[in-house]
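In structure tokens, one chain follows: the form predicted alone.
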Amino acid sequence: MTPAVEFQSVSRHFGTVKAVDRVDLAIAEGAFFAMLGPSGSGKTTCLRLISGFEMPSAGTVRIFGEDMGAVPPNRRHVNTVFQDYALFPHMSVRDNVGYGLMVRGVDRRARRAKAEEMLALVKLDGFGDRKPAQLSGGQRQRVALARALVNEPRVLLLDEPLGALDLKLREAMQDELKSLQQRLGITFVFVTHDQGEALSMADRVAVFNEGRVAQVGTPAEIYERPATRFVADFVGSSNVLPPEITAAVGGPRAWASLRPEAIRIASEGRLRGIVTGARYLGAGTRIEVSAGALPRTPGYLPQDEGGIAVLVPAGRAVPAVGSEVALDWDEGALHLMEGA
């Protein structure tokens, strides 16, 4: 099946800065696809390459199999929702939503009907006469969504669209966006630096680092089987174990990741150390375990390798700071990484 969006060895350089560097990527039609990475990793530039606001320095961007090299932004089957919403403050909500139809020459009656349909879709029935300043942040976000959807794009691009919302509203909008995408069945390409958003909303995730794709996979694959130390550390703050520690617990001499929630406090374990800190998180307590003053013998954490984070579930006894503990985990919890 032809991908909705495809990058073939795509680069975008600004002088000596390689914002995007030889990216290969295929996004399936109807997918909710997240581009995840820190600021400056290349994800937003990739979004702009899809929309046509940037052109590649090298390589090819295809949308539904068509080379976009000579296609201007207004002729691509895509639309974009921005973090700042970019609504016209002097226009009503209805006119903001219908603006794209007006540009296309659609008559006023049809424009109004379609705008009302889109407002109903995003649960803003009856808000058409209001101005953007009269809306909450979540409501303005819905207006921006309705305006982007009114022209019926085949691909919807979302550039950090929830970044300006508070935590509670952001979580509610995550659920609404996912539900909306499933109802519409169109391709969503979502850019975020928030790994929780990407893992909870997307069907597939591309993790970006320094202009390149470090890993592409399902949320579970990215979280449970990171390909590199960067992915393991960025997505979920895994314990990244150096080859010496991996070998000390019976594995090969290789870098490995070990999630804090996979580790348990035990009477006997693969590693021993001293609790150096604890932080209550509600659903559990995150403790840090390091070597402290323990002797450097097999099975103890070397002092210069830093600590290991352990998530103690709510309701379990939390060891005191300064106490010695043994750490253990099930077979398969230690994930070996091929890349550095």
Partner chain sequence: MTGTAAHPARGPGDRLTGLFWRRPKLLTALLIAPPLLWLGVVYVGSLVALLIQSFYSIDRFSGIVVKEFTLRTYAELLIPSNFDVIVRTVTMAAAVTLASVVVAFPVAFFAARHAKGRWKAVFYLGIMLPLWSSYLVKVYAWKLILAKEGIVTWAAEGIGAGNLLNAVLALPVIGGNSLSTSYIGTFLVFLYVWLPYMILPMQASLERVPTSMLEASADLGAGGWRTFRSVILPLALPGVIAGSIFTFSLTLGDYIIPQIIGSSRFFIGQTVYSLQGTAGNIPLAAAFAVVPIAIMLVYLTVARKMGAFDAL
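Residue numbers count along the first chain shown, from 1. The structure displayed is predicted, hence computed values, not measured ones.
Note that the form predicted together with its partner chain isn't included here; everything after this is about it.
- In the model of the complex, at least one heavy atom of residue 131 sits within 4.5 Å of a heavy atom of its partner chain.
- The closest heavy atom approach of residue 51 to its partner chain in the model of the complex falls within 4.5 Å.
- Put simply, residue 255 is far from its partner chain in the model of the complex: not one heavy atom of it is within 4.5 Å.
- Interface membership of residue 84, defined by any non-hydrogen atom within 4.5 Å of its partner chain in the model of the complex, is confirmed.
- Stretch-level contact check against its partner chain in the model of the complex with heavy atoms at 4.5 Å: of 166-174, 236-244, 211-219, 143-151, the positive one is 143-151.
- Contact with its partner chain in the model of the complex, defined as a heavy atom within 4.5 Å, holds for exactly one of 195, 139, 92, 80, namely 80.
- Checking 266, 102, 110, 71 against its partner chain in the model of the complex, a heavy atom within 4.5 Å turns up for just one residue: 102.
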